[in-house]
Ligand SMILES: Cc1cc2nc3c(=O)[nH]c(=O)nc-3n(C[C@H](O)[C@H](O)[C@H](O)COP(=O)(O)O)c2cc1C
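In the block that follows, a single chain appears as structure tokens, in the form predicted alone.
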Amino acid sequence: MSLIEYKGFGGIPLSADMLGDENDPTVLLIPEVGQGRAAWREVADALVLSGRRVVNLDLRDGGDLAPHIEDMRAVLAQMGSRPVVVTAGRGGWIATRALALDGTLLAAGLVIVDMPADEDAVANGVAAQLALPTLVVRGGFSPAQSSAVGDIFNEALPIGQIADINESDLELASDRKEALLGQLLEFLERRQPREAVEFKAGSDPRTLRDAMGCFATGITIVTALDAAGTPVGLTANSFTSVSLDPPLLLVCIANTAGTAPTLREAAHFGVNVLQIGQQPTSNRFAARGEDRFANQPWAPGQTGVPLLGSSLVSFECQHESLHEAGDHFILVGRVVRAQFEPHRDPLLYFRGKYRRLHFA
């Protein structure tokens, strides 16, 4: 087990226990508001034994739901794959709201354990907006909570099912935990199978994105000058060499990127391959609304394009060709100059996270 820290809404640090093999399917545990992650510890240990990667999260202090909802969305955005989210008590209130609109992009499923009746969610149609496979468990921790979730909320779930853990079925107090685990594992095996996940044409595009994310890449920042001579740039990891004779490389740029129009028209552009110390630079050039070159060392290259200081490699390229490719375009450049420092370690990206290169 290791302790990790996520950034919540407003940069608030949120601690979590990370348990299990990172290659196993992930489960995110959300406790009752006011409780810590210790409440889920026994369940977390059992899920690891069943072949799951578990993130057991602490919530921030305070009972106001709004920051908790934004915290949860922020944590899910930082995870390398879509987990099944498992909640307790009012943690279910947080999860249903956080996942109501675009939950399928953030999570693979939702389990709500002993959530109090949520009339506000019903009145505002929150449950009806949930497109995620959802399991509602009643009586998971206490017999007094066996009917806590209002039936009207359950009926509003478009892809939901209900599991009741009845007191009459339990001989020992420990049987309740075993019954809860049984319900969790049955749901996980159906919604998050441990065998290979498959993408087919027409499937959820996030599944394809997860598959693509299994290809480890370096990270680059593509730069150019706009028509006014102002430097522009963006982070991109879809980069590869194409040819040595002639010397060609390519990058793939999203059509929606703010710098896309400039890169389409630029006669020259730069590709800066980042080293391990440039993770903050990668984040800056990936964020919207920031002055990306502020406090960033750079100098014009031979062709005038901005080249970032301390990069592992900087390529200066002449525009060779451009090819439309779905929601991206492929920009092919002819390398006119390259400078590199081979003793630095590259900044890597794999399964949605930054990685380091480990030499055997």
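Quick note: we count residues from 1 along the sequence shown, nothing fancier. This one's a predicted model, so the numbers in the text were calculated from it and none came from an experiment.
There is another form of the same protein, the form predicted together with the named molecule; it is not shown, and what comes next is about it.
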Answer for residue 238 alone: is it within 4.5 Å of the named molecule in the model of the complex, judged on heavy atom distances? yes
Check residue 179 for me: does it contact the named molecule in the model of the complex (non-hydrogen atoms, 4.5 angstroms)? no
Taking heavy atoms only, is residue 258 within 4.5 angstroms of the named molecule in the model of the complex? yes
Examine residue 219 and determine whether its closest non-hydrogen atom to the named molecule in the model of the complex is within 4.5 angstroms. yes
One stretch from 91-99, 71-79, 182-190, 229-237 that, in the model of the complex, holds residues within 4.5 Å of the named molecule by heavy atom: 229-237
Does the named molecule come within 4.5 Å of a heavy atom in each of 253, 287 and 349 in the model of the complex? yes
Can you tell me which residues in 322-336 come within 4.5 angstroms of the named molecule in the model of the complex, by heavy atoms? 328
